[in-house]
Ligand SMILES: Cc1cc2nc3c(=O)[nH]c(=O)nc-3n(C[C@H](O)[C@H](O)[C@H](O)COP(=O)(O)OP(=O)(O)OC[C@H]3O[C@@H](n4cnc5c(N)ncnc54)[C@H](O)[C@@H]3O)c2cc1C
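Here you get one chain, nothing else, as C-alpha cells; it is the form predicted alone.
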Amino acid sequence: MSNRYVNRAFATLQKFLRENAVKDKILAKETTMRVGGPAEIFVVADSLDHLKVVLDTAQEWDLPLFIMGKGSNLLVSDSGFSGIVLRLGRDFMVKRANGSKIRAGAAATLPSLVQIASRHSLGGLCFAVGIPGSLGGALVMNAGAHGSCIGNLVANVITCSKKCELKVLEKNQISFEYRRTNLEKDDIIVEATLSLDIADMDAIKHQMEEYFAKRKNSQPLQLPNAGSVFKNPKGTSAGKLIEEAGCKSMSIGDAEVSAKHANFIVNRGHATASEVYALLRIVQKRVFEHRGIILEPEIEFIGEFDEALMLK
C-alpha cells in the first residue's frame, strides 16, 4: 500500500473526524483476544455523515476497509491491517424500547440490549447475557447460545452500501443460518429492530442469572479469548472433538487451548496472533486426523497469516 495514498486518506479523515481518526493504532487493545498489530488508519464514525466520509475516502484512495465491532470473534495478525479499520460510534449506540420491540444501532452491545429488554419485561434476549459483542457483529454471524439465536428476533435490518445508500431489509428478506446470513458482504449494518415477547420480569432475571452462571462455569471468562474458535459440526460439538483429539490444555507460547472449554483459545498473558493461529492449525489438523472432520473457524481473521487453515 502506498504511504502517499494512506497519508492523503488520513488527512481527509482527520479533517472531518478529528481525534476519531488515528494512524498506526495497535489493535490488540481493541480485541477481546488482546493480540494484533496496528491498523494503518483507525477511525470511529459517530454519525452517518462521518460514515459517508469514511466510505468515500476508502473508495477514492482504493484502501481496504474492515468494520470492527467490539473486537470479539476476531483474530488480528501481528502485522496488523493495511487499510482502514472502522468502528461505529455514538449515533450507532442508541437503543430504544417501544412496546415489544427494541430499535438499536449496530454499535449497541449485546449486554446493554439484554439489560434494556429486562427493564421493559421483554423476553427472548436472555441467551445473549455475557456475550461481549455488538448488535451488528451478532447479526452478521447470527450469534446464538442456549438453543437461541439473534436471527430469530429480527424484525428488520438497515444496511448502508459502500455508496452510502441505506436499505431496509425485512425479516423475510434475510436468511439466517447457523453462524451466517445472506446479507451483502460489503454492506454495513447500521441499525436493527428486534421483536421480543412480553414476559414476567422476575422470570427474565432468573433466566439471565441461570444462563450467566452456565457461561461462567463452562467458559474461561477470566482470561482474554475470542469466544468459540470453531463452529459446531452437525450432530456434535467442536469442544468435544477437540478434547477427544487430545488437544485440551495444549499451548504454544502464551496461547493455550482452555482446560475449561476446549473450543476456546485463551491468552495467558503475552500471546501473539501467530501463536494463536499456529495453535488453531494444530487443533484443526489433529481433529481431522482423529475423526476425519474439518473444523470450520467461527472467528474472523484480518491481516496476513503465514499458512492457510484447512478448508471444507
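Remember, predicted model here, so these are calculated numbers, not experimental data. Position 1 is the first residue in the sequence shown; the rest follow in order.
Separately, the form predicted in complex with the named molecule exists; it is not shown, and the next lines address it.
- Contact annotation: the named molecule lies within 4.5 Å of heavy atoms from the stretch 72 to 80 in the predicted complex, the single such stretch among 96 to 104, 238 to 246, 72 to 80, 205 to 213.
- Among residues of the shown chain, Val114 is not one whose heavy atoms approach the named molecule to within 4.5 Å in the predicted complex.
- In the predicted complex, Val283 stays away from the named molecule, with no heavy atom inside 4.5 Å.
- In the predicted complex, the named molecule lies farther than 4.5 Å from every heavy atom of Ala255.
- A residue is said to contact a partner when one of its heavy atoms sits within 4.5 Å of a partner heavy atom; Cys164 fails this definition for the named molecule in the predicted complex, lying far away.
- Though the named molecule is absent from this view, in the predicted complex it lies within 4.5 Å of a heavy atom of just one residue from Pro233, Gly151, Gly124, Pro132, which is Pro132.
- Contacts between stretch 127 to 153 and the named molecule, counted in the predicted complex as any heavy atom lying within 4.5 Å, involve Gly130, Ile131, Pro132, Gly133, Ser134, Gly136, Gly137, Ala138, Val140, Met141, Ala143, Gly144, Ala145, listed in sequence order.
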